[in-house]
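Here's a solo chain for you in structure tokens, the form predicted on its own.
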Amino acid sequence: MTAVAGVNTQLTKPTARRRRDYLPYLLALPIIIYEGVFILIPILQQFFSSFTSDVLGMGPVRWVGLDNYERMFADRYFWNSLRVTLVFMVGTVIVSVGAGLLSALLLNQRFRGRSVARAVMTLPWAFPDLPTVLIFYWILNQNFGVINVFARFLLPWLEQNPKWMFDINLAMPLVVFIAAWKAFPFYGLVLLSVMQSIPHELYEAATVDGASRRQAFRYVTLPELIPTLMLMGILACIFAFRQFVLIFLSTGGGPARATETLVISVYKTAFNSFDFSYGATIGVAGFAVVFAITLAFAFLQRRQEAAAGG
């Protein structure tokens, strides 16, 4: 009986080990299926559509090769959308990540009501996009907006209230501000968690060495934050590049295409003009730009890690 039990135990161990080896793949299988069906397949389908001609979704789809890309490179509206997208992306990244860093520095201090202040800071991030746009529409309304009171006080020479969201020079800064206001709590909370994980002994050593608060931030806090800041930069670029709802609800890409990003251009081309193939071509171009930016950030991050390790 003892020998038989030993044989059964030896047979059971490899089986249990094989099950443990397959378990991570089984757990990841639903995510892989989801990513493949809802992300990978649409990307491949869009890439294929960019080489075809499909207007109004009617008739047979014809293979046209690089005709759509030649049309895109000659389209001045595409280059305008690309420029607007890059301006919006850079502005949103600087304002949102900068505001997140500033708020993290403030909330990392000890003061009464700090927990309440942290909870209040998360409110913009928790707001849905539609109420956010409605609130800013009320604030920036040309006739009865609250912002006009401050504008009249600070700029008494104004003869009439600015049009704000309908002004070609003001629309982009305001859209950047709205998007950054919505996003900065996320970056602030992430950076705050990193600050709180920094050993307090490092600040004590810096104080003993006679470092000021500015020097402590430069030589202690900032080096610890740089990897996270680079990651936040990548995420902010991706989020800003794919931002659609806030821009579409606030300006619709206007006035005079001043806020028409690539995402808005894809929507208008595909669903307003019903030129699905050319819309897919613009989408592929946007995907290539985001991929290039991500690679650049990854290269810089790896270079920074190599320099820190060396």
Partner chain sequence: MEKTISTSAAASPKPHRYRWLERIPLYVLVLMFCLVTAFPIYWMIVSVVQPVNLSLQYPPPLFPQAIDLKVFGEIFSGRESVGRVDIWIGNSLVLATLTTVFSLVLSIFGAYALAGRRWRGQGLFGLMLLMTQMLPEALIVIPLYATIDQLKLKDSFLTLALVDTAFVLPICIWILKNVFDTIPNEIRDAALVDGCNRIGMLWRIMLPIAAPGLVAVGVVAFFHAWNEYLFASSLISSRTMYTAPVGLGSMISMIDTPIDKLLGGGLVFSIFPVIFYLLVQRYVVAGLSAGAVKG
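Note that the rigid core is defined as the largest set of C-alphas that superpose within 1.5 Å between two forms. Not measured: the values here are computed from a predicted model. Positions refer to the first chain, counted from 1.
There is also a form predicted in complex with the partner chain; it is not shown, and the following applies to it.
- Interface residue remark: F88 is not counted as part of the site for the partner chain in the predicted bound form, having no heavy atom within 4.5 Å.
- The partner chain is not drawn, but in the predicted bound form it has a heavy atom within 4.5 Å of L130.
- Proximity of E35 to the partner chain in the predicted bound form: non-hydrogen atoms within 4.5 Å are present.
- Interface membership of P30, defined by any non-hydrogen atom within 4.5 Å of the partner chain in the predicted bound form, is confirmed.
- Shown here without its partner, the chain carries R83, L155 and A307, none of which come within 4.5 Å of the partner chain in the predicted bound form through any heavy atom.
- Along 287 to 302, residues F287, V290, F291, T294, L295, F297, A298, Q301, R302 each place a heavy atom within 4.5 Å of the partner chain in the predicted bound form.
- Once the rigid core is used as the reference frame, the Cα position of A256 differs between this form and the one not shown by less than 2 Å.
- With the core held fixed between this form and the one not shown, F271 has its Cα displaced by under 2 Å.
- Relative to the superposed rigid core, E70 undergoes a CA displacement smaller than 2 Å between this form and the one not shown.
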